[in-house]
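Only one chain comes next, encoded as structure tokens, the form predicted alone.
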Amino acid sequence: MTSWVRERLGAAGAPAMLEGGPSFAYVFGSVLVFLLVFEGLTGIALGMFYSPSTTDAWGSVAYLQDQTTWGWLVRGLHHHGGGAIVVVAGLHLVQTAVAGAYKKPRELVWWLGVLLLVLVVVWAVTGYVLRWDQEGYWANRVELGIAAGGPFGAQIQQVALGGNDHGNLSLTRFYGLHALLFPVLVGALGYLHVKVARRHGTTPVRANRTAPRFPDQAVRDAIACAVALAMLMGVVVAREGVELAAPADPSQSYDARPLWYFRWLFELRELAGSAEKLVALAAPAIVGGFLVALPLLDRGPSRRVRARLPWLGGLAGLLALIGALTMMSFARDANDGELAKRQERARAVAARARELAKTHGVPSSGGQDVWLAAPGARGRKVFADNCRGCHEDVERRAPLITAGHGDRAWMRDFLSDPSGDKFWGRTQLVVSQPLAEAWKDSWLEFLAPELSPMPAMNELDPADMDAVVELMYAQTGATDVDAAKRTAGVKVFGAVCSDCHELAFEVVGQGGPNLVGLGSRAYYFDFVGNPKHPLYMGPDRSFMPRFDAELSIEDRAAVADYLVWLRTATPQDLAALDGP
């Protein structure tokens, strides 16, 4: 056994001469080492900005992507560099197989190479979830779900997650694997692989020729590394880096897709139907088992291609099947119109999330709450939780509050028809009026509600209507008020409105609310707190509950800000606040 191991490890010291002479066929190993080092350097750069927690991960990646100089380029190089390593490793494997370099005594070199390929692929998986966006999060759930169905699956899932579900411990562990453990493993095994390979020397592509490794082969290696870097840079620039989806949100579904070199397995699962877990576990085992067993199966001394056609044909067949399944997977997605719509929607949501993060920052509560970073967003949420049922839903029973609330058009419409459906039409002020009229002057009059809706002001001529609208609009604190119209509005108000309303601070109106500051932040803040105050609707005319105890001061202020924001908002602005 000792002699077998010693033979596979090779004689100490690297051969001084290169058998077969310099060739571009020997560059793949050097390119792989170069890409791994490059991946490490870009990873270090990314690590300077990354924060592995569920509250900060997405925000730190978004900041790097959209606000750091060349951040998108470094992230793109790191992401696509991982794919480049898989491509070059695959080419290196095929080239090694065709040359017969897995044969005795190079079996250990081959097995180390196969193990390194597996580790690199798993290494990429541990990095995919770190972005903590919808794409990485849901892909990781699928991958762990598959792993959970295999041997020791429950234990693997428990160790990976650090709990029952994805959370801070999950990110910390994946980050530790990606940034600490795998670099050490790949570095150590890569060093051993290169050392043992150098001891055995190259498998010559041409007979009866030897040459020193330096400088001819070194020059070829350098050229190949430069070409690989140029191609990688071209891919990154052409694709504008790498996408970042919306922040991870377990409550929102997402069409998760794995990294491209797992698409063959993804397609195989789709074809397998109910047996998807079995297939997902068996297929990699078959492929990996064939690669590991190849040196043991092909034990003949000859390295000629014709003498090894059955084994090379088996390898070619596996690679062709993997390629076909990969193309089928991409073709399936390309022909799915509904999927395309969902993906377009997901891209729009991601773009909106990134724009909010760039413009307003990410809340300390995490990327999932980035939708609350926009002006009016927090107030919109408080409004949706406490006010929407009465003021926005189909079955509302209070005035409609939506985009444009409090602007000039809204003021004019209200004055023209205050009892209309948009305003007081669904409230007790109007609904109870027929009952009050029917019981008037009868013995039931004492039971009749003492309510009367505001009369319409359609008798005003257009100029006077414009003047009153401008006066009311000026109460909001808007900066585009027409001063002349406002002055005229004061006179009209005194003539037709002052019997019921006041425009003076802390003065109770004669039957109607005090209108000073109507539509301003301070007005909304106080009104939401206690609409039954005599300055506003009064206890007998207001059916809206008080919120000064229900809502915190911060939440009332957020609602007030939201209501002010509505004055200049469009329906599209309002829809954008509702997030994904």
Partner chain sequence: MSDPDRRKFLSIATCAIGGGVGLVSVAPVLRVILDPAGKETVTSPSAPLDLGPAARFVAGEPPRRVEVIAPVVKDAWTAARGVVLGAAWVTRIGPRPGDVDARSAICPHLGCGVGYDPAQNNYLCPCHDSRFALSGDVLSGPSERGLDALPVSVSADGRLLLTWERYKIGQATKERA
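Residue numbers count along the first chain shown, from 1. Computed from a predicted structure; not experimentally measured.
Below: the form predicted together with its partner chain, not depicted.
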Heavy atoms within 4.5 Å of its partner chain in the model of the complex: which stretch among 253 to 261, 74 to 82, 308 to 316, 275 to 283? 74 to 82
Its partner chain contact at H391 in the model of the complex, heavy atom, 4.5 Å: no
Against its partner chain in the model of the complex, would G404 count as a contact residue? Criterion: heavy atoms within 4.5 Å. no
Taking heavy atoms only, is G59 within 4.5 angstroms of its partner chain in the model of the complex? yes
Is S542 close enough to touch its partner chain in the model of the complex, meaning at least one heavy atom pair within 4.5 Å? no
V507, L169, A351, A226 - the one with a heavy atom within 4.5 Å of its partner chain in the model of the complex: A226
To verify the annotation, which of these, G145, P455, G494, P215, has a non-hydrogen atom within 4.5 Å of its partner chain in the model of the complex? P215
Give, in sequence order, every residue of 26 to 63 that has a heavy atom within 4.5 Å of its partner chain in the model of the complex, or say none if there are no such residues. F34, F38, L41, T42, I44, A45, M48, F49, S51, D56, G59, S60, Y63
